[in-house]
Structure formats: C-alpha cells, structure tokens
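Before any questions on binding or motion, here is one chain by itself as structure tokens, the form predicted on its own.
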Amino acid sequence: MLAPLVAKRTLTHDLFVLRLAAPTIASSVQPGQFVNILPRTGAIDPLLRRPFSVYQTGEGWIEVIIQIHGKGTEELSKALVGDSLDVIGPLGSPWKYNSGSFSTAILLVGGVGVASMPSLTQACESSNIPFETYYGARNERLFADEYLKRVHYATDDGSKGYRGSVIDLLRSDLRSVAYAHPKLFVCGPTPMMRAATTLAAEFDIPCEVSLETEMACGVGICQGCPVQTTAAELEKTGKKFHLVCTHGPSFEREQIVF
C-alpha cells in the first residue's frame, strides 16, 4: 500500500521518526510486529525493502524509527512530508506478552532496539502487567525514551543512571529487587541480546529476544533471513533454521543459536 508521509521529526542525533498515514496497518498491528518499506519512489535502486519495527501507532497512522546506515535508510531520510512510501505489513510474530507464564515484564533495551518497546509498554499497561524498563546506551544523548515508562538507565560514561552496561545493572537489581516471576523482553545490539540470554540462564528466567536483521521479501518467500535453531528446537520442530520474518522477529531464547 502507498502510505503518505504526514510528519517527520528528529529523535536523537542519529535517529529520526517517520509518521505514515496507514489506517489498515495501524488498526491491526500488534506489539513487536514490523513493516517492510520500499526506500524509493521511482527508480530501481535500492531494489529491496527495509524492515522497521512499528514504533508507535495512533488514529490512522504508524511511526517507524530510521537510523541511517546504508543507501536504503539514507534514501528514506530524504523523504518529504507529502511523499508516499510503499509499505507492506504488519508482518512477523508479535511479542508473547500475554502468555500468562510470568508476572513481571522486564523490557531490556539497547540502541535502536527501542523501536519495538513503546507498543509493548502500552500492551503491558492495558493488560495490567507489572513492568520495568532497562535502557542502556553509550551516553545520555543517545536515549530515545519519549514513549517509555518506568525506565532504569545505564550509560557507558555515567552521564545518566548507572555507570556501566545495562546487563550489569539488571544483574545487580535481579539480585537485590524482588521482581515477581520476571520475564525478559529484549531488543538491541546482538552482543547485548547474547548477554541477556546468558543472564536469563543465570537466573533461570524466561527470555524473549526480538531480532533485527536484513531481509528482502519479509514474508518468507526468499528465505533470506534464516537463524539457526538450537538442538532442542530442531528436535521439537524438525527445522534447522527459522526465518526471522515469519517465525520471528521475536523468539524464546531456547529456540535459536546466537
């Protein structure tokens, strides 16, 4: 579908937000799902779409966060209010926040992984699920926390909150704070998510990670976004690989190999 760009704003020094008029997507998207956007309006380059978590929704609109790190996102950064972008979605599986298998949701965020957390925050509030948010960055200028709540900050340089990694902050709190039956919901850089799964194993708590990866079609046809499954998942499903676009982007930590 063609979605008109209705607003554009800067979020941090390297992130900006596109608000698109997309009533069909806005009315059906669930927390953790994403859209696939064609980063051009006429030429054939870039050829492939780019996936973006749905950052926020409203009456007839959705927002996505853009971080420029290649030609596709650079092209999107040039889009002007009034332009129409080719968008498909919502795609992927949502966060499994309503499983009833935990009592406290711990949202663990790093970098542009914040994109999938506002919708999960809203879902927790709407479902009366207690939650806490742990957010890590190199320094305070990099936080994009406009839609987050109950945030515990960690920065590498100590400019805001705990000085050190957000994983170390959460580890300290898990030892000292009595969170009732917690579950981790994690999105961020791969090293952080890998560390989060180790932390979850250390405290024997469930952990779900939302992967960010390159993909082409976004609907499982091209098979271009595989992740290796664990031995237990292979035995359970018979699949050596899952696709991030259709089986994910969120996976339980026991399902895939980091």
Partner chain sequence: MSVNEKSSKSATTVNLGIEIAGVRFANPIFVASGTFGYGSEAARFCDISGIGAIVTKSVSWNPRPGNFPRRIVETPSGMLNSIGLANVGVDAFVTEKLPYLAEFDTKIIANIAASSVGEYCSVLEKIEANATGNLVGYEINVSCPNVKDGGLSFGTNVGMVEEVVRALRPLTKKLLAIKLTPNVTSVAPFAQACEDCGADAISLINTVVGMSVDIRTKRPRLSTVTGGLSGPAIRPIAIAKVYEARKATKLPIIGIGGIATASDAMEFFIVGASAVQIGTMNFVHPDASIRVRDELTQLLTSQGCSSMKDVIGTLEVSGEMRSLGW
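Residue numbers count along the first chain shown, from 1. Because the structure is a prediction, the values reported are computed rather than measured.
The protein also exists as the form predicted in complex with the partner chain; that form is not presented, and the subsequent description refers to it.
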property	result
Interface stretch in the predicted bound form with the partner chain - options 185 to 193, 220 to 228, 56 to 64, 202 to 210, non-hydrogen atom within 4.5 Å	220 to 228
Listed residue (E140, D86, E146, D156) with a non-hydrogen atom within 4.5 angstroms of the partner chain in the predicted bound form	D86
4.5 angstroms heavy atom contact with the partner chain in the predicted bound form for P90	yes
4.5 Å heavy atom contact, A232 to the partner chain in the predicted bound form	no
Partner proximity in the predicted bound form: K240 to the partner chain, non-hydrogen atom cutoff 4.5 Å	yes
Heavy atom of L38 within 4.5 Å of the partner chain in the predicted bound form	yes
